[in-house]
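One chain is shown next in structure tokens, namely the form predicted on its own.
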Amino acid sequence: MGMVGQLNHRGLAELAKVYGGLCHLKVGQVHMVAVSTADMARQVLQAQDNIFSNRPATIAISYLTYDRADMAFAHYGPFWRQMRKICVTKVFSRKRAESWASVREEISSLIKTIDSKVGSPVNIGEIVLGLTKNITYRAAFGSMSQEGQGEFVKIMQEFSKLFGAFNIGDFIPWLGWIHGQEFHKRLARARGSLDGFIDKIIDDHINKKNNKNCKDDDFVEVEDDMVDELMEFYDENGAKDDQKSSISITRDNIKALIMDVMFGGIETVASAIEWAMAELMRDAPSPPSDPPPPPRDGPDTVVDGYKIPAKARVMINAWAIGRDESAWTEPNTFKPSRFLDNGAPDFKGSNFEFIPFGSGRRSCPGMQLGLYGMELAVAHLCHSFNWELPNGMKPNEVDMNDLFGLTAPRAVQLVAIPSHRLNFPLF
């Protein structure tokens, strides 16, 4: 228990220097295996992807995802394949133009906001988090529910805290009573808040669809959003008499999938944009932080000659892998030009030295949309403005520490002063 403080991406990387790229620990009754090199990651994510295709869920995750009704934590099988198919074909598809249009329009709005603050300090971390919130919220709920954004963000912030909270019952079940009662009250309050919020939105979308079908005189055409897409898929399944199609989408599935999209689309993209801007402003930068991907578990197996116990939580430490000296030259130097070299690894999941989106069955289905938002935002910020650090701060004085969490965000948000870079007006 004295090592709990080390069970993060940095602490596990230090342990890997002593014990190697495959490190087994036992926390209470839970076996944990940290993977810290590309070769070990390849064996887990490619050679034995079928073995490690499931993800363990804590007490909090199981409860808040409606008993794994989502895609991220559903066990691998027919249900999970159906959930992923929905995300790939309905939510993140390039054919769904509204999601991609929302990225362009919200970034244009961001640039206008920064343009009005030229010459004054701008909290980049705060504004890009607002950007990704707007994009994701709009893609999920459309324009018909914008007035509830503040409430929903608070609900998601509480979910994030509960997902990452240490609960001794997850590791030593018979000690779960120590703070279990209050913890379960928080879980119930959080899920109750989400139920009330999204139930109203689902009802609004049902009414919208009914009005569209009836073609009432007062009906105003509104663009479809993610909830519309999910409701349509649910209707299609529900109307089938084919017994072979046993999976249907319930309200709980819709709520859990929306939660996946919110967590995957807000903090991760915002954090990546802020880290990129911070690195570009430094003289002697180091790469941004990536937390371990969610852990996987499976039956007894052998990896590189070592037995992995059944149900062990196998964590792929992307942070350590990206700094592995055996895989990278000058791993602690921010050097984007390295990716211009012939044979440089890409991030699509086949080169295990660089896996920000994971690999194998559980790789991120929203990779293309996330990349589009991040790249377009950074390009606009750098093309439209010059940026200076405030109060005479030198580039090497920028705080580059991170906080452990779902996205390893910056410990101190980046603040900089924009000035016009172009000789003609932006708007």
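In this text, residue numbers run from 1 along the sequence as written. Remember, predicted model here, so these are calculated numbers, not experimental data.
Although it is not shown, the form predicted in complex with a small molecule is what the next lines describe.
Undergrad: May I ask whether Ala72, Pro356 and Leu369 all come within 4.5 angstroms of the small molecule in the predicted bound form, judged by heavy atoms?
TA: Contact check passed for all of Ala72, Pro356 and Leu369.
Undergrad: Is Asp115 close enough to the small molecule in the predicted bound form to count, meaning some heavy atom within 4.5 Å?
TA: Result no; Asp115 lies far from the small molecule in the predicted bound form.
Undergrad: Residue-level question: is Arg96 within 4.5 Å of the small molecule in the predicted bound form, judged on heavy atoms?
TA: Taking the distances in the predicted bound form, the answer for Arg96 is no, it never comes within 4.5 Å of the small molecule.
Undergrad: Contact between Ala312 and the small molecule in the predicted bound form at 4.5 Å, heavy atoms?
TA: So Ala312 does not count as contacting the small molecule.
Undergrad: Report whether the minimum heavy atom distance between Leu129 and the small molecule in the predicted bound form is within 4.5 Å.
TA: Looking in the predicted bound form, residue contacts with the small molecule do not include Leu129, since no heavy atom lies within 4.5 Å.
Undergrad: Counting only heavy atoms and a 4.5 Å cutoff, which of 171-179, 264-272, 204-212, 105-113 contacts the small molecule in the predicted bound form?
TA: Selected stretch: 264-272.
Undergrad: Just one of Trp319, Trp80, Tyr137, Phe159 has a heavy atom within 4.5 angstroms of the small molecule in the predicted bound form, so which one?
TA: In short, Trp80.
Undergrad: If you check Pro293, Gly298, Gly142, Gly125 against the small molecule in the predicted bound form, which one has a heavy atom within 4.5 Å?
TA: Going through each option in turn, the one that passes is Pro293.
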